[in-house]
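Presented below, as structure tokens, is a lone chain in the form predicted on its own.
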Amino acid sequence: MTPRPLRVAIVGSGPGGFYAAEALLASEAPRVEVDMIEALPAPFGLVRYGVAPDHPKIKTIIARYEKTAEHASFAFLGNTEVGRDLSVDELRRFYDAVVFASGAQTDRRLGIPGEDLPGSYTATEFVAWYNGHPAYQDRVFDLSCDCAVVIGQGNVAVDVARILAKTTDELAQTDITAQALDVLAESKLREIRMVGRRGPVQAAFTPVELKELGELADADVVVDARDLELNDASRAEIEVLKWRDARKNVDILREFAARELAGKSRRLVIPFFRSPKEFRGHELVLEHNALSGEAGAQKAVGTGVLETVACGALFRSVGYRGIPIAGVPFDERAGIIPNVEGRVVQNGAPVAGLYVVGWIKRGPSGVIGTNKPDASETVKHLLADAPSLAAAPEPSREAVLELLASRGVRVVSYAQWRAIDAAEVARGAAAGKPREKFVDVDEMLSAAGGPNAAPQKRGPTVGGCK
């Protein structure tokens, strides 16, 4: 008798999940059957709901994920949330192994007074809002002030600052949502500040992202040349090969600093060596910093010098963390599922049959392509463990679907996602855009068609950004 395939559930359909599925389905011994379980009716997680709308080339990676989805041993179970529709214990009833690819779905906090006042927003909610994530469409962003401050200098912070600084003409032919475009069209912002606590060498943005800021149609980029005077440790850092992006960043920033202002209607200012101390709803208190420590380990140390800037909108982009899943170990400090090379561990010992990939494995680091070797490492260990894994009592996709149907869950297949996709593209074509996303789950379910396609009212999920 031919042995049955190894049954694997992947929880999450972002880059980490799809790279894991690709690696698993390439296995011949054992043969693997993959069910990808996604809380939203739409796949692709971070690529769909995290990549900025004015970066369409990055989204072309979806073509690779689509090839994986076409594999005969792959199934997409959309609109199905682990923890709401299925428990982890139930997953282990139907699958020999479970791979968590749920990403880092929430923001780290600044920990300053006033952080939760009106006018203070997280980067995650803003990015998800303008990208059409259904769970964030009730957010309201007041851009009627003169100045917005973005705290953080990673690529997400750059995205937030760039979207705030762009004209509607620059965004009109992207897949940004119609609602977001309308709000941005009414923006009164004249200055956007993207603030970093350390220096230009330590900033986390990449040269490609940084360079774009100097190409905005109606926003001058402003850098204080004094912030680019490097201390000895920073000069040593940019001499090391692994810091080559930092060297490029400094060169770009020096070019920005040397520019004469063109008199554009907005200014995008990039201050360094400042930490937020208090948000007062209409102004932000910053403390000036100095760097301390050896090359590669420099820290920002407050000098006691305070600066108050007008700020009617504060966007916090200082890192991300995962959300715990019931029945799975979680490291509260690191914001990840504890693991050793992708094997989930509890109290230092592996938890048989549970694995992890992506940001929920390693934290929010790297670019989309970083998830490929990350997933390969996890899958290598999963396949090595396969002979010793406890067999699932009911290793059947049909059994999973029957259980979900009995609970009234409207599961969206990959073919039905394609119907949603086609409808979005058609909506976009009418407006001269690549697509107009559905921002409501019920609308997505209606567009999906097929059996049981009636709208289904359930609480919104914050899943999908992996």
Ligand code: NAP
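Source: prediction; values computed, not measured. When you see a residue number, it is the position in the sequence shown, counting from 1.
Absent from the display: the form predicted together with the ligand. The rest refers to it.
The candidate site formed by Pro118, Glu278 and Val285 is entirely out of contact with the ligand in the predicted complex, as no residue has a non-hydrogen atom within 4.5 angstroms of it.
For the options Pro134, Gly342, Gly322, Gly154, the one in contact with the ligand in the predicted complex, meaning a heavy atom within 4.5 Å, is Gly154. Though the ligand is absent from this view, in the predicted complex it lies within 4.5 Å of a heavy atom of just one residue from Glu209, Glu170, Glu377, Asp227, which is Glu209. Under a 4.5 angstroms non-hydrogen atom cutoff, the ligand in the predicted complex lacks Lys67 among its neighbouring residues. In the predicted complex, the ligand sits beyond 4.5 Å of every heavy atom of Lys166. Using a 4.5 angstroms threshold between heavy atoms, Ser73 stays clear of the ligand in the predicted complex. Mapping the unseen interface onto this chain, Arg267 falls outside it, with no heavy atom inside 4.5 Å of the ligand in the predicted complex. Contact with the ligand in the predicted complex, defined as any heavy atom within 4.5 Å, is confined among 30 to 38, 423 to 431, 405 to 413, 53 to 61 to 53 to 61. Residues are counted as partner-facing when one of their heavy atoms sits within 4.5 Å of the ligand in the predicted complex; in 329 to 360 only Trp359 qualifies.
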